[in-house]
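Just one chain is shown here, as structure tokens, and it is the form predicted on its own.
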């Protein structure tokens, strides 16, 4: 078994426990991005409600929040608590998402863009939360406002002194209203733009969490809001230094540094951490394989590969070779993840095709062309001996299938199982395998986002190219496994071979097609 770094191994075990507890469809670790969007929706809806009753004046802000919290506790108070806890939950899912990408090594190579644009997105969310605490204008809000001003004053791009606004008698409604505008409109619009940049290089971006997971998350936040409502500190008083503050460490973790460090030193630490995180994809750099290549002689411009590409690397354009087809596809090498999913999408990737030359398809992977896939399949099948022979098909980013090779088990490792044309399964069965066992990344968690999803839909006849009806489904099994699932996969493979033995022609007296 290939060695797995301890961080990845630990995370995979945690993920497996969540799969056992929630099932792959509702595993929150598979839906951290969509859960973040869901929490943003809660923050938005609750924020709009709070704004209806909020007084943006210096003298009325605290009173209006207190009215919502205590006088209208049954709705306004619940909305305030939901606003607070959904904001915290969003930070948690963002941090978990970052850790997950790091633990599974999904932040380097072709994924550098998503990582680099994701780090600033976190800071935009944090600054949005900071101004939200400011607007309550209690002792905590004053503490944040004063220290934020000190931080801003330390920047050479800021002229004047913001901190002077907090001398007694200097702070006005106009300044406070400006901060309200930033929190309620300016920062959210900027955050939406930053999120769009973050997902710009991806296709089929999901922003809706599974309904059951969303309902469960909302009920958990609602229960927390009722059990421990969000409340204010004492009202802000410029003449008084608060004795005790309850910080929200998800958003306000930087401020205690200012108790011992200067504003300049605090900026150096913050900017240093930010730049380190943004440089991580190149520490060390991970090489992406060669980009997919289009063979126009075999391409009819159907565009299925462009539809299936998870990274928006393929586009459909007008024909350039005067062929009878109207369209062709083109690959953006800079966006291509070299996953091969497009090869599995192409109807020309059929291993049954006969010609005097090598098998060519409309779009192919230079490092592992479909002709070589067919050749390796034939060579692996030719080595099989004994009864209940099985071809195990895996992928490079899951459990290494080479370790399962025996005299009656052949193996084929693909870049991604989404690279596999459904006809390859039929081909293996026709060429002598008693069964085909497909594995790869865990269900709901493909290294290339949609490889196993598209493969499942092709097998189910819901996405082209489909696994034909005449293929004997009883001789095909799909069981996905990560590097830590070796024992489970071995057990499933043994069970599949027993099934093949029980349903063999010799035992049933039937003839297989």
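Positions refer to the first chain, counted from 1. If you're wondering where the values come from, they're calculated on a predicted model, not measured in any experiment.
The form predicted together with a small molecule exists for this protein as well; it is not shown, and the discussion that follows is about that form.
Of the stretches 232 to 240, 98 to 106, 149 to 157, 433 to 441, only 98 to 106 has residues with a heavy atom within 4.5 Å of the small molecule in the predicted complex.
Taking a 4.5 Å heavy atom cutoff to the small molecule in the predicted complex, the contact residue among 374, 397, 198, 83 is 198. The partner is absent here; in the predicted complex, the one residue of 122, 92, 220, 190 having a heavy atom within 4.5 Å of the small molecule is 122.
Remark: all three candidate residues (33, 36 and 205) come within 4.5 Å of the small molecule in the predicted complex, counting heavy atoms only. Taking the partner from the other structure, the small molecule in the predicted complex has a heavy atom within 4.5 Å of a heavy atom of residue 111. The small molecule is not drawn, but in the predicted complex it has a heavy atom within 4.5 Å of residue 40. For residue 210, no non-hydrogen atom is located within 4.5 Å of the small molecule in the predicted complex, even though that partner is not displayed. Not displayed here, the small molecule is kept clear of residue 132 by more than 4.5 Å at the level of heavy atoms in the predicted complex.
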